[in-house]
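Each of the two blocks below gives one form of the same protein chain as structure tokens; they are labelled structure 1 and structure 2.
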Structure 1
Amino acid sequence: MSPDLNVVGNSVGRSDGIGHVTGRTRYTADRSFPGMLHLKMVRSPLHHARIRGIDLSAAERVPGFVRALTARDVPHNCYTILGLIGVEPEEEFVLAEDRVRFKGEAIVAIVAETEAAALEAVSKVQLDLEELPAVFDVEEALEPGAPIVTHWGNNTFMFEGHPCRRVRLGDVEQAFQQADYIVEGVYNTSPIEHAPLETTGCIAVPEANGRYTVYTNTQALYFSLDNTAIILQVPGSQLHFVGGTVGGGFGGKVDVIVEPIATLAAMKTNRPVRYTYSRAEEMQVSSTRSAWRIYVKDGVTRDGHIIARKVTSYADSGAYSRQTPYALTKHAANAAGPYAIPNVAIDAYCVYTNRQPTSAMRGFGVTMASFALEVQMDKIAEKVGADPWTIRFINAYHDGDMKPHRKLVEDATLIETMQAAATRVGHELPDVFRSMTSAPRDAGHDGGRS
């Protein structure tokens, strides 16, 4: 702790710690309101299908049934979360219109007096679906003739005219010619669940003054409020969003899935409406981390310097892209790793498939890059006969180096963390690495790099 600081640097107790460990912290789902209704969703049982008809008549006869909502009830039904910051096109349907694009996609919202009645009514809705061919693999989705997932005619998100987020520095093909070794790898990562203890949910409450208070466990109150205003075509002043301690986020609660439809249901019924995911919905319907397939090709000199790196990555966005295009950009900015590589080419694709949609998750595009690149570094070490520490020290970036996305490195401390880790585990580093620093190379601390 710095001597001139009094509070920053102290491990003061968490202000909410006692509430957490004694079970007194209130989460969204702990709230209840008089007359509160429950919303449950009719979901697609198929991965890809045309909707020919919806028959609500049996559902409407279930005791406790209050109201059903379909796409026709949603004022602005097709939206995109990042439309707030100018991302296009609008692509996701609050409730499905003519087509469902993944198993579990929301089609009809049922509002009922009790959760049990809502679930029973959901089970009584008759869907007339015509199954369509589906695609589940990122590269198959890009082949000619693949089933088209989106409503605009291809399976990639377009980045300002390109089907992928590109980064280009130097000339990789020429550098591959000059390299002593080419080291290639292909890395696959599975989609995973955020697995929060508290599932995604909200309660929308009509107030006497004509406004709606929405209690939600979102990670981003204004994302939710602003998107809800757009989807429901109401002024933002009509909405009051209240969050609180979130029972685990990890990126899974940045989407805006539950608030708009719950608020619409509250408007239509003039009663509080609760919409909270079951664990099965959390796992099978809410966003996951994307599956990634990452191809890495490195050109390496005999002494272990990486002179060229080409990365081609495919993130499986599922049926809707949500925050995933952003992850591709973040991935592209980090897909060369914390190393100084003069020639880099990165193509990062956001691909639509008929899977459960994916979105933000902890590490957002970087976690998968770090996995692929750090395994790749060990393969390079083995190829050139160096140890894993050496290969990282000699390639580590320094302050003032140029990253592939043309930002100068600042605040670099990779070398210092490697030194500290080596010390911690008792691994003896050679002097040249012990004395190396992340300072700019012209400062005379280049650690033996030629």
Structure 2
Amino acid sequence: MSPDLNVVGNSVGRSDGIGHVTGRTRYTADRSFPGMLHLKMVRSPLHHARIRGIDLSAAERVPGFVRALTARDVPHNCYTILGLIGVEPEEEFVLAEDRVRFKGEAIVAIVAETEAAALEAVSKVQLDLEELPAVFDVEEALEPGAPIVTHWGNNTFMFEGHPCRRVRLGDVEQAFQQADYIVEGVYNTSPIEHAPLETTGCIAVPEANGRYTVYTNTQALYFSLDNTAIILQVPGSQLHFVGGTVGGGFGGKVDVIVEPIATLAAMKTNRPVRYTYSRAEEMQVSSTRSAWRIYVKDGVTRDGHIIARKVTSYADSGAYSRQTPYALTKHAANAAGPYAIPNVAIDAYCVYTNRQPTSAMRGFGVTMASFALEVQMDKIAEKVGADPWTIRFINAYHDGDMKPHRKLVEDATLIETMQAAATRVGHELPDVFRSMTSAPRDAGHDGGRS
């Protein structure tokens, strides 16, 4: 006999809630260590440029200056964020080498006795940069002759030899010819900054036993440890990462940007090193949610059934991949929505521009698809003269339906969720929808679709 549920439907207090509201929680920014140094970055003032030279002489004369780190000091000077899950190539440098690809890209790390000294030394570094043409629009980036952002020669991530993630089910073009209506829409979203209360940061501390303890507000503790070990070419057992208190993240603190270089600075100086973004850096160089442009074209029957859906999506990855190619795969799997559509074609492009890199943010890849498709569903309802609830009920997934990416639907709950939502908002549903379930269609609950 199953035990009684004691969590579902009940309010459960956070284990860390009392600490947060009483001010006893210890965040990364609250920590300090004797002899702690401060790391600040020299960043590109240009969106796209070739690095012709770096002059550190004036910075080295700043009182409190300890040392500078450049690309040649980093053992494996590439972030390995997606490489750990088999998504390649690696292409974002820890510290820029020959080119900078977005405004704010890190070029030189300055380590100093105080934060003020580090900032002054940063201001004294002289960069010799040759400005290059830049591109900022996803579709312009795909045009012939557009400035090339990547090192592999085109501005898209390649999925199995294709410039986009492709999904195909049925024959979309033939279904369009059979449709009574064609409904089209273009949907754009903008980048969104996570704006955590505690900015991205960490402190790397050398220990007496030769290990390095890294206090970090990362959202992905072991992911961060593994990436740092690869970048620094040290065994993972030499690193001890302490996290748990994020200070706000929402997906923005999974990119492993601060830990490798702070730990390298601690190795080079044998002293604790703090590297924390300023608020301006958090806004300018930490990952945002991607901007998307989504084209949707639907073929619809007079009674509101969608018989064909074609989606062409462009995600602005910014200058580097970070988590965006992974988001494209999630997006392509969900770009038809939770609806049973027999003919689907999806082309989802991960496009590189000279904007700041983009990455994870709460449902990244899927959230933008849901926004576009649900507005599109309302357009369909208006076109055929049907209630928006009706359009969703008659097209909703049932268990056993085939998704466009060839996975059978399991545990579908859209119908039941809409029924509950209708009850909550006081919307009276017709009996046919009130009695409908997500059971397989052969059980006689297809809502009118054969």
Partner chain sequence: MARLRGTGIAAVNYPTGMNLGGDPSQALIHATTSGSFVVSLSATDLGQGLKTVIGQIAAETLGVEFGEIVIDTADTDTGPHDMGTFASRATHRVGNAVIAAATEARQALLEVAAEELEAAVDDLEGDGHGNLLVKGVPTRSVRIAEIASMAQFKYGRTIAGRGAYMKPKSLVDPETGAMDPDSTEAHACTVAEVEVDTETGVVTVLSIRSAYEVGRQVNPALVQGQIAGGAWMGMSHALYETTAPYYPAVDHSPRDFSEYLMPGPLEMPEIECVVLEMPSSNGPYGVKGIGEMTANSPIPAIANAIYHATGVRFDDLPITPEKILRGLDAKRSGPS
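By rigid core we mean the largest C-alpha set that fits within 1.5 Å across both forms. None of these values were measured; they are calculated from a predicted model. Quick note, the numbers are simply positions in structure 1, starting from 1.
Annotation: structure 1 represents the form predicted in complex with the partner chain, while structure 2 represents the other form. Once both forms are fitted on their rigid core, the CA atom of residue 22 lies less than 2 Å apart between the two structures. Its Cα shifted by 3.7 Å between the two structures, residue 12 is reported here after superposition on the rigid core.
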